[in-house]
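Take a look at this one chain, the form predicted alone, written out in structure tokens.
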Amino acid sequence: MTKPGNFSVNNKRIQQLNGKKMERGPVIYWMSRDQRVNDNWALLHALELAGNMDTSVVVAFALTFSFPGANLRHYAFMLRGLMEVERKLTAKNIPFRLITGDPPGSLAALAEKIRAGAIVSDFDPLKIKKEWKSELVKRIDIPLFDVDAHNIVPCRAASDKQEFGAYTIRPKIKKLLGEFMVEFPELPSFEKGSGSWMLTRSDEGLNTGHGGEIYSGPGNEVSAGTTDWEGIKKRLFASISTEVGEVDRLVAGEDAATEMMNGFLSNKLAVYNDKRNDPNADAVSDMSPHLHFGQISAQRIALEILKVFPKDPNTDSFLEELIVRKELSDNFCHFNPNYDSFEGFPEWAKTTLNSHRKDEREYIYDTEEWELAKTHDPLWNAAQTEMVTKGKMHGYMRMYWAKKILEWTSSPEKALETAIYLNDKYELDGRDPNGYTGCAWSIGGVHDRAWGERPVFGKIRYMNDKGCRRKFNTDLYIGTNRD
């Protein structure tokens, strides 16, 4: 067995969310945003704490059946990844527990049941996750540590305020990259039973008293790798919307994400700079769903790219998106609680949109028409159809898609609401800082500047189908994505 704690996670990744002192007892790693076993600073910090106290680690995932915007498409993809997480943890003899119900109550009950000494959570800038952590703090008497395992440069370390745009956060991130762009320590393995705590039969299906349960398999003693996945699926799929079906073109999980990364490096990166804005070219990584669910680390992708293409314009372009733009989105959502509303737009954008509220719109569509791709514009309809059928719209088309919603909707508030609703419902990588920030950029000028004034848009950047035609074969794209 390798004793945990023989490595150190950078303290700038870690923030304690309460003032409690750690006592000896198992450390719970509350896996949420970063659903992987390898290259995971939060899991490594949990092991580090456990090693320092000569105790064990339990990985827990709190599954709620009512996450806003999530449906069968998202839950099925996530569960397939979590099944792989359990298999990988089992191989290391680290126990995994799936708990259901209200996450703060379920986690507090688990901590009390096993007399945990601390909880480690994933950093997440979204409001719902912050609310869960605030509630959990009220229910526990042990430390809650928040670890940024999602960003290469931790969000809190990169900046202490909302940044104006990529041009202001880029130098801050680049200054810190050398400190944080390091290779990950190897995850320790444990002798069977040494890294785990045991549940007795009486604990099976434990009612936590907070609307949650702990799931494990049958037997008098239950160790790692015994989640009743079929039972979980039946209960879950009976409770959630099944209107939006699963997507088979993308395989979930850590291994699949690694395979996609290797394929991107071998076959696509060489043309990324020239072809990334052409949705017909298949030049993008398609890893945003895996990044959203934390099935692969952005830091691992960056490390592998720099090993093989350290000085290359394609590398520069891709890392700008993977690091600067992605971390700018976390910054926006972390420091702006109105990231999903009109009030979150910059003042100049609110002023210009307000001044054009009464402008005549050539077309006005309601949410149902948008959702069913029933507009007059075949290019927009193709983009919506791509998202609905494939679970992922090409990144360049997302900008055009959102800007046309602004142009053909009765108000900027309704436009933002519609874009977020559709994005969160159909995109596998919806409900994500990148999605909220992308909608806010397209509709509300976030991280952008004022442009020439025109009807409806005011000074918000404008896009039209003619610009798309200059960049790629729109007829081919439309033909490929017919309803």
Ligand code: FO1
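Quick caveat, the model's predicted, so the values are computed rather than measured. The numbering used is simple: start at 1 and walk along the sequence shown.
One more form of this protein, predicted in complex with the named molecule, exists but is not displayed; see below.
In the model of the complex, the named molecule sits beyond 4.5 Å of every heavy atom of Phe332. At the 4.5 Å threshold, heavy atoms of Lys425 stay clear of the named molecule in the model of the complex, well away from it.
In the model of the complex, the named molecule stays beyond 4.5 Å of every heavy atom belonging to Val456. Taking the partner from elsewhere, Thr55 is found to have every heavy atom lying beyond 4.5 Å of the named molecule in the model of the complex. Comparing 302-310, 125-133, 359-367, 376-384 against the named molecule in the model of the complex, the single stretch with non-hydrogen atoms within 4.5 angstroms of it is 125-133. Put simply, of Phe190, Phe345, Trp408, Tyr75 only one has a heavy atom within 4.5 Å of the named molecule in the model of the complex, and it is Tyr75. The partner is not shown here, but in the model of the complex the stretch 413-438 reaches within 4.5 angstroms of the named molecule through a heavy atom at Gly430, Arg431, Asp432, Pro433.
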